[in-house]
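Here we start with a single chain on its own, the form predicted on its own, put down as structure tokens.
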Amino acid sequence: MKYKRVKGTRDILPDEWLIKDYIEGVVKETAYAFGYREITTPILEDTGLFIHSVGDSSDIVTKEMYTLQDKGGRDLVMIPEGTAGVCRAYLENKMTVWPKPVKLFYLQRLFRYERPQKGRYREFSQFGVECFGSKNPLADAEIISLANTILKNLKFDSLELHINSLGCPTCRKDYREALVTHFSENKQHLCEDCQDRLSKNPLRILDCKVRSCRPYIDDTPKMKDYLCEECKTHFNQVLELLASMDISFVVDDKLVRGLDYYSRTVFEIISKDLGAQGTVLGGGRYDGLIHRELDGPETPSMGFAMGIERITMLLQNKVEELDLRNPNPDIYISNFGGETAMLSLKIAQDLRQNGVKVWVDLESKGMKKVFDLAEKRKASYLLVLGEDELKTGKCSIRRLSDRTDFNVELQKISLFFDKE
């Protein structure tokens, strides 16, 4: 074989696409029920958009972006995450004048150069929502409720919501200083990345998965002890709202998420079936991103995203519980070539216009293999068109489940399926 797929990418075969199609249908319908509308942004964006929004100290910017320069000398990136592009579209398309809040969702292909692992690839699909224009704790609670509802609608049960507050820039400044003091005492024991993060963004150390760093992360100061009164009130109200909706949660002091733009509420939903890398959905509030980093107006915002591949993997063992689209043909039409082949295409066209799924025997195999082929295609009915059918204008349609034959006029085949 001359060529193989690029490392970190994958072929999505038809059976898996049935699950992905189901997931996309569920997430879209649930998002619509919460008042969200769909948006799609380009796969290529200006590299500066992500350096300024995601943060130049984040793993995405420092390690994971696929960058290129086009023939005009422009520095471009294949989008590694969805929020920055949606924020850019929000500003560029003057959605700032729309009634607030503006609720958007997307289903996008994203690209990150990272080590492939279980359920995580370098090219992947992501569903995300963004809510622009509300700083009310109700927005936080509703978005978490949307995330929770989506996963419930997808038949999940072994999931756990983790939530934390990162405060605002004012109170986070004091917390940052406390972290620097704490980690500086053990700097030599931290991994190389965390030593670099200590000067750039010490909160990112809390998100480190390197085992040698964990003992020095476990006893760090807690953000909740540094929250200003306004941030503390906001967070407590979010927790009260979640409790009022019977959404259980764990307050996780070490949860910071991986992007620099988050403030106040951050959350993740974790699957116990995925081990250490068990996050299937995560997000939070990013009140300062549009104003401070993208030169837009003050726009309190919140959102979340989830990887479709991970969700697909988790649903592989629940296929029987899912309402998957049935791709199998309602009827398999065989023929003997010539006029019978032309007639089979005409009948198939009429049936398809009435919503019947039809598989036409394009090779005109005739009777010898037709029953076996129809059953392999998992067709419900079989119709064999030969010279007799052309002469009489009638045919026999066999229901394969019980081998029952129905005599039907060729002109009334569509009516037969209406009755069935």
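These numbers were taken from a predicted model, which means no experiment stands behind them. Each residue number is its position in the shown sequence, starting from 1.
Absent from the display: the form predicted in complex with a small molecule. The rest refers to it.
- Taking the partner from elsewhere, no residue among Pro169, Tyr175 and Asp225 has a non-hydrogen atom within 4.5 angstroms of the small molecule in the predicted complex.
- Out of the listed residues Thr83, Asn148, Thr279, Thr340, Thr279 is the one that sits within 4.5 Å of the small molecule in the predicted complex by at least one heavy atom.
- This chain appears without its partner; in the predicted complex, the one residue of Leu104, Ala305, Leu242, Cys194 with a heavy atom within 4.5 Å of the small molecule is Ala305.
- Proximity to the small molecule in the predicted complex, taken as heavy atoms within 4.5 Å, picks out 124-132 from the listed stretches 124-132, 330-338, 156-164, 215-223.
- Contact annotation for His189: none of its heavy atoms lies within 4.5 Å of the small molecule in the predicted complex.
- The small molecule is not shown here, but in the predicted complex it comes within 4.5 Å of a heavy atom of Lys209.
- For Glu114, a non-hydrogen atom is located within 4.5 Å of the small molecule in the predicted complex, even though that partner is not displayed.
- Residue contact with the small molecule in the predicted complex: His182 places no heavy atom within 4.5 Å of it.
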